[in-house]
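Starting off, we have a lone chain in the form predicted on its own, written out as structure tokens.
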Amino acid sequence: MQEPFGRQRPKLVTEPPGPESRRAAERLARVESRNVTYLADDWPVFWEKAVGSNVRDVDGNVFLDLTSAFGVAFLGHRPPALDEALAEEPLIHGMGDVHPPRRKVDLLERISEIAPFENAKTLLANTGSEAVEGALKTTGLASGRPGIVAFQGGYHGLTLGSLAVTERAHFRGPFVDRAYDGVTFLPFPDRDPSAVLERLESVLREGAPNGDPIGTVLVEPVQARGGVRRAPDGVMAELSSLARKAGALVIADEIYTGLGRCGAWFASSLVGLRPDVVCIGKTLGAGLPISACVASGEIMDAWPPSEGEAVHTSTFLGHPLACGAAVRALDVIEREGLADRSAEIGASLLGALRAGLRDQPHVREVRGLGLLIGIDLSGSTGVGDGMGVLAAEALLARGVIALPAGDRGEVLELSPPVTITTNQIDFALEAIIGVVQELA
């Protein structure tokens, strides 16, 4: 008996991308800015429907999604909680900072219950980039110091404020003259952490390149798009202590890692990071766009009270449909113990991948935390540029959606839904191990 859509193994009826995807690509090329979507003979497929861990494209091909659509579909695509929230919400839109929808209050109270701070207060937003921008404004106001420390390989968004703290030259190059120049980028402390911590202590004392005193340290507990990189035990705790000693505030960008994906509400708690502000998103809306930065009331109250015109807001802030979906998503994660399930499934996947790829000379490392896993294909030489890209392309041909990561595309990143089935995992392991072996 065939499993329902959402729990199926891949089934290809055409070689992807099929003729309908190719036609859609031709249409897209005529109307979209050419910098956005990568178009090639073997990429992309155009989605038509997604449920659980399955995606069906416009040609009728069924794929297994190991990306959760950039980490968003942690609960699976179109989870029941989302349908319930959409069905029950009488409002399509509200006036988030003037006459707010009730759902905004519901969500803010729910976030306060899970936040790692007492008396937590939240600034809602719509995208991860906006949450980072709000967090940077918050720490700037609270510390009184504009300078920032961020880390190489980090990805925090592409709006001008978040671009200033996203180091990758591919994104920054054309706009570097518009970005804030008071940011010091340090190596991520997964290799030679002692040297990085020494440099951090020096920068906190000396200030940013433009002379501004440092008030903010921004870091991902685990770098996601940077290649699923994690610092050794104790390093993030020491980073937190150095920042606190210098009077700087730590922002944890948990937009990808938070809300259960790594095996806890917040990955910071698993790696020893003690943030003052946390950014969340992706999983939060169960598929609808919503994000937030969260801090203690003491820090968040650095913002002045509204006198009728908000200092930082947006048209869709506190959108009732997104807020309702977010409340449901948080309830499901807690009620069903999905953080623990993510830790369990992730550990099993990590062990199986390490065993299956143990003897491959081009596999430098298989690493991860919970359901965020990276296969570093740079080999013993540390080269391997684009190997993650080749692996993702080969997997697509087998009906598996995965993405490359790392500054040089040398990592294959896996972040499947927590609802992925054992049958789907078995297929994924066979496909990944086979593809990686063929790349040798």
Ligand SMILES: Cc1ncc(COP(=O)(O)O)c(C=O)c1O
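Remember, it's a predicted structure, so these values are computed and weren't measured experimentally. A residue's number is simply how far along the shown sequence it sits, counting from 1.
What follows is about the form predicted in complex with the named molecule, which we do not show.
**Student:** Would S129, H156 and Y256 all count as contacting the named molecule in the predicted complex, using a 4.5 Å heavy atom cut-off?
**Tutor:** Spot residues vs the named molecule: full contact, yes.
**Student:** Of the listed stretches (217 to 225, 171 to 179, 299 to 307, 90 to 98), which one has a non-hydrogen atom within 4.5 Å of the named molecule in the predicted complex?
**Tutor:** In short, 217 to 225.
**Student:** Answer with yes or no whether H319 is in contact with the named molecule in the predicted complex, where contact means some heavy atom within 4.5 Å.
**Tutor:** Heavy-atom contact with the named molecule at 4.5 Å: absent for H319.
**Student:** Looking at the named molecule in the predicted complex, which residues in 281 to 300 have at least one heavy atom within 4.5 Å of it?
**Tutor:** Contacts from 281 to 300: just K282.
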